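Here's a solo chain for you in structure tokens, the form predicted on its own.
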Amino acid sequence: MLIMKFGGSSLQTPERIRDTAATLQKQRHLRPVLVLSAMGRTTEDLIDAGQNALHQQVMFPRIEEFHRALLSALDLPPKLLDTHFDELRSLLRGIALIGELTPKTRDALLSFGERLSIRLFSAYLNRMGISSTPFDGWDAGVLTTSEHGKAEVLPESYERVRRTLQEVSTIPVVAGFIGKDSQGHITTLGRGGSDLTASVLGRALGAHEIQLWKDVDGILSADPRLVPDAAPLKLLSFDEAAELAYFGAKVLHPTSILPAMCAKIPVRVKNHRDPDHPGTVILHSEEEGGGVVAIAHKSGQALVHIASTRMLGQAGFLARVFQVFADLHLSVDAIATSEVSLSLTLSETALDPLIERIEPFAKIRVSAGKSILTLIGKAGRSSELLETMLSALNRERIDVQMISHGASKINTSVIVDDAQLKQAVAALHAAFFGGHS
């Protein structure tokens, strides 16, 4: 069994819908299960429609016109989606009447993107003689927590999905990104939600591979906007892919591949514009070595230095600092510590409440406009990696303001100024992958 997830860019024009159907047709012998995102910019248009409803404007012309144009171009029944358009209109009227868009209502609103997508695409497959059935996420068995906007998939979903989809004789076309909680309320899974749906279905059904169809030739060795000659990677371990995503790569979200990782199911990232390209395969691997595989980065960070105001050896200083981070739900990307001080990086948007909580018991110094630059991969001897890394940056006169080396040796990060990010990425790519800096 094969899981094939297609994003909005794969479905935004009649031509791309036809191409996506042709890609599916070539793999019908592998018993595919499809997972779809909303088509084109529908999610953004739904957000706009919700905001307009708060101002008493109950309308969604871009959404309706876009989908009706697709129905016409694909020779599908013009009233195919009318029931869902009516339901969407009723929901927007409710928002306008109450004058409030709660997280629960927002999830219900955003769900229409995927719900329209699966019905339109499934109808097109059936018209082409490919028997298929659309399933909303909850109808496929996806049960979640009640954290609207960032719900988590509950463990019982796997058995529910298996029971629902395993014996379906047609090709299931499942809405990604959405599920329901135990009270029957619609939830969304947050960033990377459709990829996560695909991963959950793959684990539940024992798929031999999960394919995530994007608009790039897989996962690249660096951001092509900074390094034009960045190349697609053939293989990655799950740990490397997760670290790469965490430290800034946009192709995958770290949590989206966890179910596949647990089940040791390969995940392949492919390009819907070039279906014959092999893409990048992410495998469960515990092998050592293999060298640096990619460079990731996060800009718009702040470098924070916190030092105890009391005598050296203060008991509980670090514990007290980390309790503040826990209370504020702040996630630290890179960190270096001693008994009475620590340096770390945070998003620039998270600084004010942190400073307020820390100042009563410690000195805190903040420098904004920083970038985290991370080498991903098990690169053997740390001393050799650091020597190559620092030498390349030193040749370009790039000031390294902090170094963080992961205990797993899968990531090594340095902090540089945002203004030197492009130069630094190019220098490291040339040092570890060849080419020109």
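For the two forms, the rigid core is made up of the largest set of C-alpha atoms that agree within 1.5 Å on superposition. Because the structure is a prediction, the values reported are computed rather than measured. Residue numbers run from 1 along the displayed sequence.
Keep in mind the form predicted together with a small molecule is missing from the figure; the text below concerns it.
Three-residue candidate spot 195, 219 and 225; every residue lies within 4.5 angstroms of the small molecule in the predicted bound form by at least one non-hydrogen atom. Residues with any non-hydrogen atom within 4.5 angstroms of the small molecule in the predicted bound form fall in just one of 323 to 331, 201 to 209, 245 to 253, 363 to 371: 245 to 253. Residue-level contacts in the predicted bound form: of 298, 148, 115, 214, one residue has a heavy atom within 4.5 Å of the small molecule, and it is 214. Looking at residue 9, you'd find a heavy atom of it within 4.5 angstroms of the small molecule in the predicted bound form. After superposition on the rigid core, displacement of the C-alpha of residue 78 between the shown form and the other one stays below 2 Å. Positional change of residue 190 between the shown form and the other one stays under 2 Å at the C-alpha, relative to the superposed core.
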